[in-house]
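Taking the form predicted on its own, here's one chain by itself in structure tokens.
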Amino acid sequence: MDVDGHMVSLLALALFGVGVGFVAGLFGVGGGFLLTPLLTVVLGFPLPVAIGCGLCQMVGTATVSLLRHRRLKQGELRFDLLMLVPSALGAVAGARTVQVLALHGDVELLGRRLPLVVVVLYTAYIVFLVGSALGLGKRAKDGVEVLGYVRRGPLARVRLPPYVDLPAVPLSRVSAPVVAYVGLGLGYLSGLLGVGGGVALMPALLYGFGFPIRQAAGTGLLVLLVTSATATYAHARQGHVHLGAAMVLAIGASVSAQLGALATARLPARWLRSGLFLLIAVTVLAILYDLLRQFG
């Protein structure tokens, strides 16, 4: 398959889709944090096209994961609804940022000419993923693992009305504006980096609000669906979506996402956290390798 002048193996694309779909279902994330950088590093996709294709396949993955987690009664729908509109606005702003960076051309860095979009977005990926990994690696001060039960976090203690109760978690009197601002930030990340935002949302839910990990895995998927669809449309208008590649990725991901969602209910919380932490670390190393290769 020809993707913007690069020949790409259909089998490799399908395998990437299967792997990312399983991750999406297992951890309640879009998988874009893993797929988008690796499409660029491993398969040679131009970065803006990798972002657009990653977002497009996430529409299917998010739909399947959302339906499966709803059947398992995992997730807090009220939280999702509060984030919907802000996250869609953020996704459009993020996609516009990518377009501006892509049109800027090359910059000189340490004696090398590199596309500005690659320099800025790779740096953003590393900062974003390292921050997420640190958040997931955080433990309670008393040394007790908090991923399996409710423990009210600092974001849930903010006193900014109006308030909303989240009975599925359960948490009461959570600030609705704080939830909306979280959605705005996640939407921007989705449009900018081609990530669903779930990998950033998970630490926020676990340690910012105090969700148990299984409820956290099922929360945010409706927002992921809306933001990925909005950002896909915005990127498609800029020519950053290769529909054939995205469809191959989506078919594999939609099937394996169901298996990942089922596995969530069967694996210990500690294993889930460790697995997501490891995936983030591998992605950061892949990005650093590609940057060093361009400077080499």
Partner chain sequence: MSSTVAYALACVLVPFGWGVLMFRAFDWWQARLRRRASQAVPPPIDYSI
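So that the term is clear: the rigid core is the largest set of C-alpha atoms that superpose within 1.5 Å between two forms. Model, not experiment: these values are computed from the prediction. Residue numbers count along the first chain shown, from 1.
Only in words, not in the display: the form predicted in complex with the partner chain, which the text now covers.
- Message: Please tell me whether any heavy atom belonging to V241 falls inside 4.5 Å of a heavy atom of the partner chain, as the geometry stands in the predicted complex.
- Response: Within the cut-off, so yes.
- Do L67 and the partner chain share at least one heavy atom pair within 4.5 Å in the predicted complex? Although the partner chain is absent here, L67 would touch it in the predicted complex, with heavy atoms inside 4.5 Å.
- L225, heavy atom within 4.5 angstroms of the partner chain in the predicted complex: Yes, L225 is a contact residue.
- the partner chain contact in the predicted complex: C56, any heavy atom under 4.5 Å: C56: yes, in contact with the partner chain in the predicted complex.
- Message: Since the partner isn't included here, can you check whether the partner chain sits close to all of L82, P177 and L189 in the predicted complex (heavy atom within 4.5 Å for each)?
- Response: None of them does, since no heavy atom lies within 4.5 Å of the partner.
- Message: Only counting heavy atoms and a 4.5 Å limit, does any residue of 222 to 236 reach the partner chain in the predicted complex, and if so which ones?
- Response: Those in contact are L225, A229, T232, Y233, A236.
- Would you say I251 moves its Cα by 2 Å or more between this form and the one not shown, aligning on the core? Superposed on the core, I251 moves its C-alpha 2 Å or more between this form and the one not shown.
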